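Given as structure tokens, the chain that follows is alone and in the form predicted alone.
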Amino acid sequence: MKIVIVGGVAGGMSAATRMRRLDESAEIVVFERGHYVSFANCGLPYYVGGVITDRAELLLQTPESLRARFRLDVRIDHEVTGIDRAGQTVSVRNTLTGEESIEGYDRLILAAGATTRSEPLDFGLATHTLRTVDDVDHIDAVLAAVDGSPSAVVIGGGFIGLEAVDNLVHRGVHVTLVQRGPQILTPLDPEMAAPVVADLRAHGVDVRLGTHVVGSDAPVDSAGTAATGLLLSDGSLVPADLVIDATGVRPDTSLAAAAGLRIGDSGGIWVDETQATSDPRIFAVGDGALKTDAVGGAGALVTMAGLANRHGRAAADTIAGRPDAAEPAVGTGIVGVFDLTVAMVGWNEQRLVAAGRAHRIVHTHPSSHAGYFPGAEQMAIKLLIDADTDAILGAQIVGGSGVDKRIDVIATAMAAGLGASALSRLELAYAPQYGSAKDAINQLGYVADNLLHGTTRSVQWHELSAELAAGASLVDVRTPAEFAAGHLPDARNLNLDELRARHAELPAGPLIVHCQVGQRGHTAARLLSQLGHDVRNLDGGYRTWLAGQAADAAVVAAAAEVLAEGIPV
């Protein structure tokens, strides 16, 4: 059997090496249009920042090493330009010589990945994406050629954009981050993204939300020196020796579409549970192929390296006669940004609202490990729960150490079909330097269980204004010192420890109680409800409300920018 694979990075090479392990007799040909195969693309930003110092560490394999170990015929600098499904051949062009050839196949695997979302940006400045080894070589050369302290503009506040920002700052570059929308990291909900923006600005990053690049200019400063920069839609000019386009990617479906293969509604190549396309002799894996979304059940684009590797292996298994149905994707992701780790899985609140799906929300702010042990760092966790079934629909975590462990536990619970309340019953490893006797995951489960059984009722930060306007009264149960340091408008302070004796002083009608992060608020709500009050707890407390206000301010500023351009909102 002859297998031809288009694309030689994560999904393609995973398929090729798995295929060889299963079938020594197969002829396996890999075409890669770039100059490198099986390179560590997730490590590229860290080479730019100098965290990874040896460029060779990024090059995991070469055509020569793959031939020696796996007897693979890997042809770099070769682009597949067309598929003849009837003749079972592909057209190939050598990108260095222009020579064209035809290659036959018994089975074809498309692993071309994704391409940039838009046409290449041309501002008359050094502009690059951050997706290939060539990209980092060019970026490194531009920065090395700058006299003095270089400046860079990063366009796009997604995963790659934030990794670029972090590493450029680590290298000593002054960075402006330009994000067209009102928040960075759109998989997060606004109140979860706000702390990330604050951390970026604390590290000297000039964050411009609700803004985009409109052109470039080369004015002369007061000393008569030419300065190169980018013009932004807010009217400002920002310095830029280098521009990194991190505006996102789209699935590369050009070959599949031209060959008449089915393209899914989300824009990726349709595949069945074995990674086969609408042509059973052709398979698709990686960023260009659809995955089944675990929350919604429909086809979705999930561009994660782990899934690309897993599905490359699955395609090889199917071709070798041992098909194994792919598991639905929960979309687990993580990124480090300076002092923070940001992770997410499943759907966010905005997506659930847009889909009209009933849900409950839990915000907590636990420590990474026991608070009395040195080095504990606070996390902000948001858990989204199906209101009817208690199923976990998604989660977001922002914090320092311990974030990666907790998001993986939640992702595992989702894959296993555990309900949110079941998180309270997980037996997790505990020692004070690693966690708490009531782990952060267990705490989420306790709150979820209280909501499920009506033990507590909550109000979200973005619902508070409407509830107060409808006649509810707000009670801050923190200490007077905490209240004096900052409090919500119109809140009345009544310390939790005095609440039992003084509850008669509270106004009649619905009450909303809150503390700093929600735990004392829950205690107050339980106490007051048993004393006859109609009471709910502000979920996540004052800390979540503050993050929400910061997010709202960013949305207002972005809307003003859009209106200034005359575009209806």
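Keep in mind that this is a model prediction, so the values were computed, not measured. Residue numbers run from 1 along the displayed sequence.
The form predicted together with a further copy of the same chain is left out here; the points below concern that form.
Asks: Considering only heavy atoms, tell me if Gly43 and a further copy of the same chain come within 4.5 Å of each other in the predicted complex.
Replies: Heavy-atom contact with a further copy of the same chain at 4.5 Å: present for Gly43.
Asks: Just to confirm, Leu426 within 4.5 Å of a further copy of the same chain in the predicted complex by heavy atoms?
Replies: Leu426: yes, in contact with a further copy of the same chain in the predicted complex.
Asks: Determine whether any heavy atom of Glu27 comes within 4.5 Å of a heavy atom of a further copy of the same chain in the predicted complex, and answer yes or no.
Replies: Contact with a further copy of the same chain, no.
Asks: Would Ala550 count as touching a further copy of the same chain in the predicted complex under a 4.5 Å heavy atom rule?
Replies: Taking the distances in the predicted complex, the answer for Ala550 is no, it never comes within 4.5 Å of a further copy of the same chain.
Asks: Report yes if all three of Ser91, Ile263 and Asp390 come within 4.5 Å of a further copy of the same chain in the predicted complex by some heavy atom, otherwise no.
Replies: No, the whole trio is out of contact, none within 4.5 Å by any heavy atom.
Asks: Within 4.5 Å, heavy atoms only, which of Glu79, Asp135, Asp241, Asp449 is in contact with a further copy of the same chain in the predicted complex?
Replies: Going through each option in turn, the one that passes is Asp449.
Asks: Only one of Val169, Val459, Leu340, Val249 has a non-hydrogen atom within 4.5 angstroms of a further copy of the same chain in the predicted complex; which is it?
Replies: Checked against the cut-off, the match is Leu340.
Asks: Where does a further copy of the same chain sit in the predicted complex: which of 101-109, 202-210, 412-420, 277-285, heavy atoms within 4.5 Å?
Replies: Heavy atoms within 4.5 Å of a further copy of the same chain in the predicted complex occur in 412-420.
Asks: Could you pull out the residues of 12-26 that have any heavy atom within 4.5 Å of a further copy of the same chain in the predicted complex?
Replies: Counting only heavy atoms within 4.5 Å of a further copy of the same chain in the predicted complex, the contacting residues of 12-26 are Ser14, Arg18, Arg20, Arg21, Leu22, Asp23, Glu24.
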